[in-house]
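In the block that follows, a single chain appears as structure tokens, in the form predicted alone.
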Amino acid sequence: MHQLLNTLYITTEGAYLHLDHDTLKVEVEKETKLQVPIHHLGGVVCFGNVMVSPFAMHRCAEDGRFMVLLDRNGRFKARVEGPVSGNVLLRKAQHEAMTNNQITISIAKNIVAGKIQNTRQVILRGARDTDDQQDVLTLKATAESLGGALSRLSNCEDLDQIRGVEGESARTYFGSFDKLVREDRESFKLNGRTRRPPLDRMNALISFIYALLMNDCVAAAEGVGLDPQMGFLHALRPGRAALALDLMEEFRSILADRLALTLVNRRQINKNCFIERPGGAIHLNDEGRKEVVIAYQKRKQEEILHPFLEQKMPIGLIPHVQARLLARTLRGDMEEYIPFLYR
């Protein structure tokens, strides 16, 4: 049996989160909106102007629950953590692997292979789901191009080549992304991938879900005792969770992009769920963020077969399983890292 601890997302501006015995209570204007036993939670994510009592922070940190503070647009601001713990020998193995070129290239190559393979599956599914023959031709051509990228990836001998194939594949994928949108294409046209700030509605939607996924990947890395900042594919930068970004690559298309497309194609998210800021930045409004967070939590509860372990599990547990497989690789228990492949 698998247990997927829930994450509490607080999106209401002015909400107050505090500890009440062994429960976390959320109040808005002194009225209790939610009270949940703390042992049911794996972590707390607060959006925008949410106040948190020191005792609630202390308890979460002591219990090892993550608490993440994001701005109202989902951008990461801070993370409350307790004392450093976990397996120091695993972190030592992780740091040593960083200096081993062969191990670094093997892990980075397999992560990118998983990303391209999963992206290709999303494209092929889009081709099966549309009746527009022109869209079918475009999507199948994209899938073929991604297949070619997988072949070139196998011959890469250094990180620059691997990153080059990854970047080229991403441009190919997003170049035909509009063909996956079946409703209100004009409002959700993707004008290239833009971030910080997103400049169209689809970019705003994708970026917001990426922020949610990123938090889960940081929690997955820390949950098994890995250093989330010591990555293999992504370059090291101060304050950058490079390993969490590595883990996230396999899930961008199957968890975040597909969720964004589902929300648009089912009209759960429409053009009225966004606001435009001075300068042209587009962000989800309060209503849109709430809809996305609820859908994201539901998506994480859906069961999926893990092809390597051959077990069914909630899709939200997959980043934690992949982090554990990476830890086993670094300890030498597995010959190479096995990415998650969506079928």
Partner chain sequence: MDEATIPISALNQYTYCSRRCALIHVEQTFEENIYTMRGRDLHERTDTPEESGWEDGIRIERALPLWNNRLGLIGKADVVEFHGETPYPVEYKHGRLHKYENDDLQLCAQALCLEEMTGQPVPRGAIFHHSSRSRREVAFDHELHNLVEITIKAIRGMFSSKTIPPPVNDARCRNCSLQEACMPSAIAEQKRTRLLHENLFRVIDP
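Positions refer to the first chain, counted from 1. Since we're looking at a predicted model, the values are computed, not measured.
Not pictured, yet referred to below: the form predicted together with the partner chain.
Visitor: Using the partner position in the predicted complex, report whether N100 sits within 4.5 Å of the partner chain, counting heavy atoms only.
Guide: Although the partner chain is absent here, N100 would stay clear of it in the predicted complex, with no heavy atoms inside 4.5 Å.
Visitor: Is it the case that L124, even though its partner is missing from this view, gets within 4.5 Å of the partner chain in the predicted complex, heavy atoms only?
Guide: Judged by the heavy-atom cut-off of 4.5 Å, L124 is in contact with the partner chain in the predicted complex.
Visitor: Counting only non-hydrogen atoms and a 4.5 angstroms cut-off, does D20 reach the partner chain in the predicted complex?
Guide: Outside the cut-off, so no.
Visitor: Taking 4.5 angstroms as the cut-off for heavy atoms, does R328 touch the partner chain in the predicted complex?
Guide: Heavy-atom contact with the partner chain at 4.5 Å: present for R328.
Visitor: Considering A235, A141, L89, A78, which brings a non-hydrogen atom within 4.5 Å of the partner chain in the predicted complex?
Guide: By the 4.5 Å heavy-atom cutoff, the listed residue in contact is L89.
Visitor: Answer with one of Q268, S151, Q134, N272: the residue that has a non-hydrogen atom within 4.5 Å of the partner chain in the predicted complex.
Guide: Of the candidates Q268, S151, Q134, N272, S151 is the one lying within 4.5 Å of the partner chain in the predicted complex.
Visitor: In the predicted complex, does each residue in the set H40, G64 and Q297 place a non-hydrogen atom within 4.5 angstroms of the partner chain?
Guide: Judged in the predicted complex, none of H40, G64 and Q297 sits within 4.5 Å of the partner chain.
Visitor: With the partner removed from view, which of 27 to 35, 309 to 317, 52 to 60, 287 to 295 is the stretch that lies within 4.5 Å of the partner chain in the predicted complex, judged by heavy atom distances?
Guide: Of the options given, it is 309 to 317.
Visitor: For the stretch 49 to 72, which residues lie within 4.5 Å of the partner chain in the predicted complex by non-hydrogen atom distance?
Guide: Read in sequence order, no residue approaches the partner chain (within 4.5 Å, in the predicted complex).
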